[in-house]
Ligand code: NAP
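Here's a solo chain for you in structure tokens, the form predicted on its own.
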Amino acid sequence: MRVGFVGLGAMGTHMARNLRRAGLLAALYNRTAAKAQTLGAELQVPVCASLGELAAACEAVVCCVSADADVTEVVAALAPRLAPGALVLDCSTVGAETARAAAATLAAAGAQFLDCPVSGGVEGARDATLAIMVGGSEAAFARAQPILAALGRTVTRFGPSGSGQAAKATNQIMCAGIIEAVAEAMAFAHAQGLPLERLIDTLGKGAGSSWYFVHRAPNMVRNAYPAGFRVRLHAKDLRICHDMAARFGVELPVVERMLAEYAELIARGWGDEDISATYRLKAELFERTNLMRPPGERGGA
């Protein structure tokens, strides 16, 4: 199967490399053409000048872009040039309604669509160990197996179009709560004067551990937050969760709290840092309290 790839960001670049290793990647397209040209030269894969050109050259297209409007734009540009029976896999994180609309657009063009958002961070994209949540028909899912196997380790179909995005929204709520808890715990530990590297090594093997604790608590120790999953992108995802819950007349406290914290980080210019940067706000809680005490009573390391 000749596979094209659209969207060469932090995740997409690694995913495209993995498709090339599997012998599937046939063409690349990126809105910023220079990125595509650089990766195309590295992988010795053709770079297309337009989405239509990519569609005409491939039997399947994998898309990994940032927002709902981007997915809608990509699908609209691909649809007229796709061959009958072509397959489009969207690994972006968008609303379930956007996924269902994309599926309808492509069905009208005789193509099949899977919403298949991913989780596992840049590390998972690099190592092809992503968890992939899929929505779409069983037939399309079966055809997509070689592509999905090249990208991830755990691949699950949850139901019809939109189900993959609903599963990803569930994941993003969990990530919000976990990263907030990790940041709060690390700020507390720092205020107690604990040796943080040893703490991470020990608690990383305990009942309270998580992927985020093991992989992102070290950011908090260094007070450096290189982008693995940017604050502004998780904020976008949580707004999707907010809107999906609002259709039931429900407000989710974890989502609302983290949206407020992310808004503060973005306002201070930290929106392109990793979401572990929420530690900045948690640490300030202890700093403000500490500064109110007499010098002889101040704690922390």
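Remember, predicted model here, so these are calculated numbers, not experimental data. Throughout, we count residues from 1 along the sequence that is shown.
Same protein, other form: the form predicted together with this ligand, not shown, and the subject of what follows.
With this ligand omitted here, the record of contacts in the predicted bound form names 84 to 92 of 200 to 208, 84 to 92, 105 to 113, 178 to 186, defined by a heavy atom within 4.5 Å.
Heavy atoms of residue 169 never reach within 4.5 Å of this ligand in the predicted bound form, leaving it off the interface.
In the predicted bound form, this ligand stays beyond 4.5 Å of every heavy atom belonging to residue 3. This ligand in the predicted bound form comes within 4.5 Å of no heavy atom belonging to residue 281. Within this chain, residue 256 is remote from the site of this ligand in the predicted bound form, having no heavy atom within 4.5 Å. For the options 55, 65, 238, 265, the one in contact with this ligand in the predicted bound form, meaning a heavy atom within 4.5 Å, is 65.
When you look in the predicted bound form, the only residue of 96, 144, 118, 220 with a non-hydrogen atom within 4.5 Å of this ligand is 118. In the predicted bound form, this ligand lies within 4.5 angstroms of at least one heavy atom of each of the following residues of 1 to 27: 7, 8, 9, 10, 11, 12, in sequence order.
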